[in-house]
Structure formats: C-alpha cells, structure tokens
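Consider the single chain below, provided in structure tokens and representing the form predicted on its own.
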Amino acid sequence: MTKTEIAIKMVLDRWHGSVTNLNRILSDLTDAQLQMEIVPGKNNGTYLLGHLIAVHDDMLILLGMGEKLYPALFEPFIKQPFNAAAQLPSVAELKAMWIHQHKVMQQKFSSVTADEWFGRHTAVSEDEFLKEPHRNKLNIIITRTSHLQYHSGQIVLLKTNKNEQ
C-alpha cells in the first residue's frame, strides 16, 4: 500500500467509523427520545437525522456519484429551520433511509481509485481547482465526517434524557 492509499484508507475508515458510531447511538435511542429537543427551541434528534441524510445526499452529487436518493429531504432539512416543515418523515422512515443511503455510499466509495479521490468535486470549477487542488473529493469526505461527528455529539445528548420520558 502506498502512502497515498494509506491516507485515503485512514480518511474513509474515519468516515465509516463515524457512520457506525451514529448507528449505535440511534439503536440506543427510542423514537420518543429522538423527537425530544436537544436544547429547548432548537433541533431535535429526528430533525438532525433528516438533516444528515439530506447533506449526505448532496455528497453523491459533489462526488460525481449520481443523483440524490432522497431529494424531497432538501427542503425540510436543509433549506428550512427546525420546526418549519408541516410534515416530516417518521423516525422509522428516516432510520431506514439512513441505513440504505450508507449502504449505497459504501458501495460507491469502494469503487473510487486513489487518483479519483484527489480529483475535483463538482462544486469547484476546473480553473479554481488548478489554483486550489485541495478542493478535491477526499476533502468532501473529511469535511462531511466532521459535520457528522458534530451532529452525532448533539444526538448522543438525548441518551441522558432516557429517564425524563
């Protein structure tokens, strides 16, 4: 394995580890807990799960891996703030979407070569990429892993509310 391949493996292992960590957190929480607000008047676990699915859907486009799996989630979970949407998918529906999405993403990620990971993503022009080659596909994985970990940290706070139901 080359140093480049090792670096890519490290980044992808952290991504997969972060997804697995959130899966564990989600399996420990009841639907009622996920519907609780993390801070009064702020996001609840259900909204954050929908938000993560919508953000990860955008990754498919940014990485040039196809269309969104759940485009209907963009409006209520990215464009609108918490509690603005009239009707949202159920916790069970969101959990099923989350699991399916990451099976698809894992399959797509496994077919990307080392050189392709260092290629430009679709939100950067060819001219911009020549000036800023760090704006590549692997960097999308790094930034989205940080985003996933941030929201996982918020969702895990709902575990402390187990006895408050």
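Counting begins at 1, following the sequence as shown. All of these numbers come straight from a predicted model, not from anything done at the bench.
There is another form of the same protein, the form predicted in complex with another copy of the chain; it is not shown, and what comes next is about it.
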Discussion item. In the model of the complex, does T20 come within 4.5 Å of another copy of the chain, counting heavy atoms only?
Written reply: no
Item to complete: Answer for R14 alone: is it within 4.5 Å of another copy of the chain in the model of the complex, judged on heavy atom distances?
Response: yes
Discussion item. Taking another copy of the chain as it sits in the model of the complex, is K103 in contact with it (heavy atom to heavy atom, 4.5 Å or less)?
Written reply: no
Fill in: Contact of D115 with another copy of the chain in the model of the complex (heavy atom, 4.5 Å)
yes
Worksheet entry | Options 92-100, 53-61, 130-138, 66-74; stretch whose heavy atom lies within 4.5 Å of another copy of the chain in the model of the complex | 130-138
Fill in: Stretch 122-155: residues contacting another copy of the chain in the model of the complex, 4.5 Å heavy atom cut-off
P133, H134, N136, L138, N139, I142, T143, T145, S146, Q149, Y150, S152, G153, Q154
